[in-house]
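In structure tokens, the next block holds one chain alone, the form predicted alone.
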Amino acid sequence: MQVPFYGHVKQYENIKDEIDANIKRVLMSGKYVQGPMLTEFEEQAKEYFGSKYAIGVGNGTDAIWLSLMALGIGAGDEVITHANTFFATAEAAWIAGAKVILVDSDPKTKCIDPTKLEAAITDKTKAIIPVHLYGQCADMPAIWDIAEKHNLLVIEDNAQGIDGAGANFKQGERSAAVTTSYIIQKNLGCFGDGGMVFTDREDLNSTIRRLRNHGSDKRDKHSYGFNSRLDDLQAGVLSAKMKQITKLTDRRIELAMRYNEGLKDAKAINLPYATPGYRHVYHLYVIETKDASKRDELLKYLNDNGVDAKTHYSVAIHQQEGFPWGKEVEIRGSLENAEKNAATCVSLPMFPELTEEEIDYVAEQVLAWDAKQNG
């Protein structure tokens, strides 16, 4: 059996009629950028998310970067995030001109560890960017309390956590902004790149709308800005998919529980942790090898046996070569949990269109490898 990592085509086939209808509406309107479909989707998105404003932008990286710029965060400022997330979280702060401060992750959730934050805060710190990694919300109440104590802003990177929630809180409840990515592989993905900023602040809404469109809010009138617009074709695709998001998320959770049951007796791996009471949306289903030296062996075994497993993210941010160290990035405290996560992670196929038979086959292959480790 061959089990793919992505199910984009299957998902399209399942809701083809509505997606095609929206695309045709856009094409026939002749308005492909900042047209009525984008406006319609922004209204739909803010109602779904429960925010006052939703601003479509070019991608998830721009969503973070433009939020930072709209908040006045840049040169001379520090922004705290964690080291075992996707590169773009730190990259966006770097592009805005801020210095990135990396702290460790929680060993269970893999999200930013709130207990590591206060030691990393200085008089230059302006914001914290927690990431809802793999689809699990970070411990936002603890993060918000620390941010408010130190008069810091919070921008939630929700690229992987759409439709997620905490036990007694919702995303964005006490944050300046929540950003997301709509790239094709996300739980809510378009047919290319896309992103969005959710906020309750009118000043951020108006500023980001100008920044995304060459600094313009009126034809032929411009100030400082960029070109970062979610186009109407992508908005049409997203609008059709958003109507299915709760059902698709529930299916992901069902499949994750089937993985959990099938893998519960494995000895050489750890299963993903879900914080009790949280809605973990399983953008990724990530297991970890207990022995870091065995991770690549497991990955190869799965790939050789028809399972398109991958890694997210096997090179932590501070282990990348892309930053001028000491100037744009600084490590504060040990990053042992982030480094362990990077060295041991394996992402199993996870998308709503997977069948139970495919899930069971993947679990069987993991168990077959596991048995060899204990034989």
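Numbers for residues come from their place in the sequence shown, where the first is 1. Fair warning: this is a prediction, and the values are worked out from it, not measured in the lab.
Note that the form predicted in complex with a small molecule isn't included here; everything after this is about it.
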item	value
Listed residue (238, 102, 140, 88) with a non-hydrogen atom within 4.5 angstroms of the small molecule in the model of the complex	88
4.5 Å heavy atom contact, residue 53 and the small molecule in the model of the complex	no
Partner proximity in the model of the complex: residue 61 to the small molecule, non-hydrogen atom cutoff 4.5 Å	yes
In the model of the complex, residue 183 touching the small molecule (heavy atom, 4.5 Å)	yes
Interface membership of residue 255, the small molecule in the model of the complex, 4.5 Å heavy atom rule	no
Joint contact, 157, 194 and 313 to the small molecule in the model of the complex, by non-hydrogen atom at 4.5 Å	yes
Segment assignment from 214 to 222, 80 to 88, 67 to 75, 256 to 264: heavy atom within 4.5 Å of the small molecule in the model of the complex	80 to 88
